[in-house]
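You are given structure tokens for the same protein chain in two forms, set apart as structure 1 and structure 2.
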Structure 1
């Protein structure tokens, strides 16, 4: 065990429980250690000091392994250099301070401009990629030949060598975990749906129930009519979760036999009545559970704790497993009007729950927007965050502003930052201005003092501001307030620092060319 490892073991035990045993190295280093231990009366402080001396000595005295073939010479660079002192200094700050979204933007702009990362910052950049998987795809194109050469010398940077793990690695499918196999199958489906389906079918005999269900859901990627036969077969699987997964996918094939069977069952529930010279649609749930329903992954008995009665439970399942377009076509109503019609029904909870599940499964944005614009019936609950990945940008921005008003500024901005991927671009100018206006008003209020999410999120939100607003925001400084808590002022200062760095990245000559 090295001296540093011995010290680490003592630190784990705790110097209060066991007095540290100091290493005796002798020589000049030993004299330095003795002097340091005498100066520091606290054992914990002395241990940290000795560890620091050991770490520096270890780095300075490192000797590469002797023998063997010398490494290949680094190939010549083909990318431009970011050696400009001001640019290199800014990149060094971003590397050390983040936030991650700003680091991703810097990498994107370097890559688009055909400029490589500064050589002296390559070890730190490679370490950043080691810690953040999300940054790896953006990092590799700007490492240059020197960065790739360095990555080949350190096993911890191996992620950057080759294709960075972006290629289809068959070992992930053959020996990986369920998550790794699902990821492999998903990427396979994205490039060749038929090949992915065949891969799944060939593996079926050796899969457990949970794995069959998890991998089956990957067929959602590139789902098409050619998958119907495999999904119909999965309806006969002995595992309930597989049958439910197959049904959820078949619903997304509006012309499938499954979708037609479900629509026919709902058709028998619909009726019409004349009221005030108008023909109105009515609905009555099934009176009995059909003999062939079980084969379509429908359950006769509600699960324990289910709030719906038996007939409502059947109606809920039929609604959940019927394409939403059927309702619009059959009732000749838009999604919003169908929801309003359902609210007037005695069976509103079963209908709304079924529509919610179907809308999320099929990523039906108009339906999801219609849900967000309405108050659900009493007893129906849903998490609007589940919808975000399916909603168009304008609907997401409306929701974020709504959350800022209903909850607090930090919650709305945090949701915006969480919803957008690192390469997701910026928010709209109108949303950015509206959000900053609300934050400016909010900062002077007492409750803002305890809004920890706002402190954390404000610098990240600066990464989502459209570049066209940089100048105006920096000129007006709308978030600066004398009556705000010091911690909030610190967050505002970080917000402006991020904006300044972003303005630099967009205006500096080599990177300005990254804009179309």
Structure 2
């Protein structure tokens, strides 16, 4: 115990209760203390004096105590440095202000140029990755040794250390949740479909119905004729959801026995009639529910609330579970014409709904585009947003422009930003120009004033513009309008700020070399 602590223990009790016992330090300090204690007869005053001497001497003689483990030295870097002040400043701003898409692009540009994130900004970057899962894959390659070293010292940043689940880790399959197992199975199927199938089949006996269905859907990745037997077996599953999932997968194998059976059933509904010199195809739903249909995951009674009648319900299911190609070959019509033909039928709702489902599960882009170009029959509703991920870029862009015209500019741009993944590159130059033209018109209108979505979306949209247009947009400034509301002007300024940052990321020396 130090002298001061001995004294403090006595002072806590109070010298009125207990006469002080003076610590003996010896040396020059001890002499001073002895003198002081002799001079002061009042114990309280003496104790304060002694404490003062101890405090001052202790402060003057302070040396840091030994101990603690300094952190190990960070290994040398292999990536280039982003210490260039202008680059570091730009990174600091976009780190603080976003939008996320711009942050992702900055990370991508750094990685491509083999440059690491500046040390000074590592805590914020690691925090950003902690909050945004989407940015993590882009962040890892630019953290450098310093970033990994730092992340290893803070449990909150543990996600950045190690593989982070990017590689196959069998423990995710053995001990993970259903989603983790499904993700593992999906990755496994992508590299080795047969191995993935075996994994699934081995696990089957111990799985619940929900898990069986969830894992079965992962077989969609790398689906091939070899999977047919396993899927046929799943058609006999106890659980309805598993049977439906198996049927949906079997449809995607055009040569499967299942697909052939379904086509045969439809075949018997098809007829022909002659009308003014032309043979026309006609269609009548089945008269009765076949005895072997149930085994193929078809249902006899429509669920409660179903708008289709019983026979239409059977037709809808047959349509849904038949490969779309069958219609094209059998009717000798293109997708768009099949749809037109269906519209003329009395059973158009059952047909359209069946085709929509089939087009979505098989990601048939020409069919989806054909749907988008037509007005669906009354009573058929679908969410075109669900199509987006299956559509080729030009078709998406047409859809976005369409929504900008039909709903408003903010809705169309927001959809564009939502549907393109963070690492999804840019839109086409012609779309960018057309969209900016529409926004420019729209900004002058009254309703734009309260389109909060447009204000949020404009800076994000700036991240989707192809670099070739930067100069042109900077020079012409198509969105600037004197008559627009100040809040919109603010959004336009942010739009240009993002473009400026992007131009910088594409032109600044260490990053410009990243382009081929």
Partner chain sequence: MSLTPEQVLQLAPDAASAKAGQGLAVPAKWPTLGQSDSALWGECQGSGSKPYQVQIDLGGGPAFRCTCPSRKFPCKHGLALLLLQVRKPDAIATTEPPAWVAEWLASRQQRAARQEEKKTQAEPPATTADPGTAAKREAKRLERMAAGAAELRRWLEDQVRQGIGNLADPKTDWRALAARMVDAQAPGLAFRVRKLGEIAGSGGDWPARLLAAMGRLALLLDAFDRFADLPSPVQADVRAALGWPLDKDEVLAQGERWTDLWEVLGCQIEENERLWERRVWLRGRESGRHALLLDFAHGNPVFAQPFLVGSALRLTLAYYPGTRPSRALLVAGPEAGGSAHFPAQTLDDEWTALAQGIAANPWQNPWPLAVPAAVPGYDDGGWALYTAEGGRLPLVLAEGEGWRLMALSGGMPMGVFGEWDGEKLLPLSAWAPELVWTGGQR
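Nothing here was measured: the structure is a model prediction, and the numbers come from that model. Between two forms, the rigid core is defined as the largest C-alpha subset superposing within 1.5 Å. Residue numbers count along the first chain shown, from 1.
Remark: structure 1 matches the stated condition (the form predicted alone). After superposing the rigid core, the C-alpha of residue 15 moves by 2 Å or more between structure 1 and structure 2.
Once the rigid core is used as the reference frame, the Cα position of residue 474 differs between structure 1 and structure 2 by less than 2 Å. When the rigid core is fitted, residue 56 shows a C-alpha shift of 26.8 Å between structure 1 and structure 2.
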